[in-house]
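Taking the form predicted on its own, here's one chain by itself in structure tokens.
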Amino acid sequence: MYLTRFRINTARSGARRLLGSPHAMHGAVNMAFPNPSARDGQGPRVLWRVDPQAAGRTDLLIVSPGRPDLTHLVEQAGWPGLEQPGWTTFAYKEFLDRLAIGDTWGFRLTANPVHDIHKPGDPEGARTKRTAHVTPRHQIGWLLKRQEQAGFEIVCTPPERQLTQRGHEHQVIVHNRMPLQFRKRDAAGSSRHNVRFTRVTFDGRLRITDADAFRRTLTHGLGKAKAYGCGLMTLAPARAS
């Protein structure tokens, strides 16, 4: 497994096109691999996420079973005139192997929190419709429902500190909530249809409860819309609470 960081040159028109279209970015990421990994859920897959940073910097993060070649992205959305390659790839497996139950980490996850509902007036037995969670409370609830199976638990704020943190029980916040829409050709390529989804970013602190399940979360992704920049969780040393 590999973790790659690519800095995007937002002044280039190619970069703006990729940043404006999850479908186009998905295609560009796939082109980094001569043999993209299978998406059958059995093995690790390619995951990616666009991360806005301080001072206007924007990074593309990729977790992948194979080492990527992002030369084409440098030409479209990087600094092709520089001598440096434009991206940094780290061996990820060694880090994953060191994860253990009880470890506490800061995390960032960009995801597509959805639930299945029946609309008012639907006849009995009608199929449910997948719908986005739209409030931070429900989006955090979506994450909390998945934490046990995903091998972690969100760290709770001590009761004596909850008053200073607006009553938040869990150490997680939601930001960069963004509804997205683009047109995509069907499998036969004969027609286009609209794809709509909501992408949100969670930042917080977690504790590992099942190391094997957690490694699977980091390499297989969490939730839906993984092809479009959702599902990738990354870790950082947890700050003292």
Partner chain sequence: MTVMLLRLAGPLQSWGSTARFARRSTENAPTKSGVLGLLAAAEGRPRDADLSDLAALRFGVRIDQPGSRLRDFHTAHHADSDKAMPLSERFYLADAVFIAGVEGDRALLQRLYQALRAPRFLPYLGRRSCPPSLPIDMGPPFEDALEDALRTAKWQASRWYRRQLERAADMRTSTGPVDLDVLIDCPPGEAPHLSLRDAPVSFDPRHRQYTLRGVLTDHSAPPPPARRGVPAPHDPTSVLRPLDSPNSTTTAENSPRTS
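None of these values were measured; they are calculated from a predicted model. Residue numbers count along the first chain shown, from 1.
Separately, the form predicted together with the partner chain exists; it is not shown, and the next lines address it.
- Put simply, N176 is far from the partner chain in the model of the complex: not one heavy atom of it is within 4.5 Å.
- The partner chain in the model of the complex comes within 4.5 Å of a heavy atom belonging to P85.
- In the model of the complex, R98 approaches the partner chain with a heavy atom inside 4.5 Å.
- In the model of the complex, the partner chain lies within 4.5 Å of some heavy atom of L3.
- Against the partner chain in the model of the complex, the set R49, T89 and R108 is in full contact: each member has a heavy atom within 4.5 Å.
- Think of it this way: in the model of the complex, the partner chain has a heavy atom of just one of A213, L61, I208, M31 within 4.5 Å, and the residue is L61.
- Between the partner chain and the residues E94, E148, E75, E169, the one pair within 4.5 Å by heavy atoms in the model of the complex involves E94.
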